[in-house]
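As a starting point, one isolated chain is supplied in structure tokens, in the form predicted on its own.
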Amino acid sequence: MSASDQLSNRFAQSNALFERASRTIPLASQTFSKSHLQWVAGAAPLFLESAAGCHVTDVDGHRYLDYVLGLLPIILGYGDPDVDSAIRDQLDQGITLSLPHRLEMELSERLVRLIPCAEMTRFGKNGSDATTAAVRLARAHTGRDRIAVAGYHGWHDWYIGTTSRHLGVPQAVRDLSVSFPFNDADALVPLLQQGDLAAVVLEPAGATAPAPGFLQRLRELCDHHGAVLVFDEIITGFRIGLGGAQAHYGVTPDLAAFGKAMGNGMPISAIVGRADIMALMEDVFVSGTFGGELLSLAAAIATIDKLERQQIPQRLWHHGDRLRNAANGLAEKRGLSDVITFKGDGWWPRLHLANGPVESATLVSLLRQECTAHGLLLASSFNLCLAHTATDAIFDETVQALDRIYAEVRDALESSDPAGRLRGRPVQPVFSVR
């Protein structure tokens, strides 16, 4: 049997489901970053069947140690007993009711207690809901229209119009938003001096840590020019710390968006901020049928309580430091440290690839191909959850797999045709924002 036939057999169910799904679902996925574009199609699973702890199983029965975690909403682990118990208890009481429920208040009170800028809250279902609500509030508060952005902020027109994925966004809308480089406060000055910026929206940390004084300088500039400072903490929230990056770095924005890890996989997000701005939602229309959906509220309360009770963000940070250092040690051992490194603080170690003789798309594809071949679901970062820290065996499993992966990648890079070592179509980028 040829290698191609072996792969076809290995992922037979996955490939069959992909063909079936493609007939009724664009990309055969609801999310660009979960689609076949992100993997070496033909040499990787395209559909998962189940998950437990920090492992997932694909539809062909192969088990992987998961460092994607659904794009970061999983912070405790799949099937966490405390969160699942809270969901089951609430299920008996109702999911979406006809009037508000006390859980809305109870979760709001937790966020106000933990997050420095939070004086009032409103809930949504995903990060795009929260960041877009922040933009609408900022425009209402300032009477201005233009927005300055740094980082990734969701799929809505006001942001995605600044990227290469702007098809379908009117030019008039695109003209209202402008991007500026992270860690370059000076680049923002001329934009603010025009006097028409309603808000500065940025991820306060992520692939790159904020340079000393950068966030403080943004706070000063926004205050001076009357713009609303918005932190998009969809990723940093509850991972860098319970109070988000704003608590960690000591800079308080006017508004902030939280989500992802907040509900350990349940669909929930929040916009939080100054009471005088948030109170505008009594007139500004930010409203949705499922903002008070109770299973997600119950999950978020259980998640936040457990994160606080067990000091989980600190544990994940320590584990990430250890994992990043081990991965970089293996890269040096295998002669790859010039091209492959993990950088960043322990709460989110991210993969960095150096420019070299091999195209980055080929190198990314080789890495992801070998990761799936050796039992790791790993894309561009170590996305961590509590279940990863459960035993040293999980850490050892990761390190041993990475050692084999790096050996295969090195052999491919030293060959006369590295791209020829790919066993399927290369990874296709969605777009680059960080």
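The structure displayed is predicted, hence computed values, not measured ones. For every residue, the number given is its place in the sequence shown, counted from 1.
The next section is about a form of this same protein that is not shown, the form predicted together with a small molecule.
- Proximity of residue 152 to the small molecule in the predicted complex: non-hydrogen atoms within 4.5 Å are present.
- In the predicted complex, no heavy atom of residue 293 sits within 4.5 Å of the small molecule.
- Contact check for residue 252: every heavy atom lies farther than 4.5 Å from the small molecule in the predicted complex.
- Although the partner is absent here, residue 126 is a contact residue: one of its heavy atoms lies within 4.5 angstroms of the small molecule in the predicted complex.
- Of the candidate stretches 270-278, 115-123, 231-239, 312-320, only 231-239 has residues whose heavy atoms lie within 4.5 Å of the small molecule in the predicted complex.
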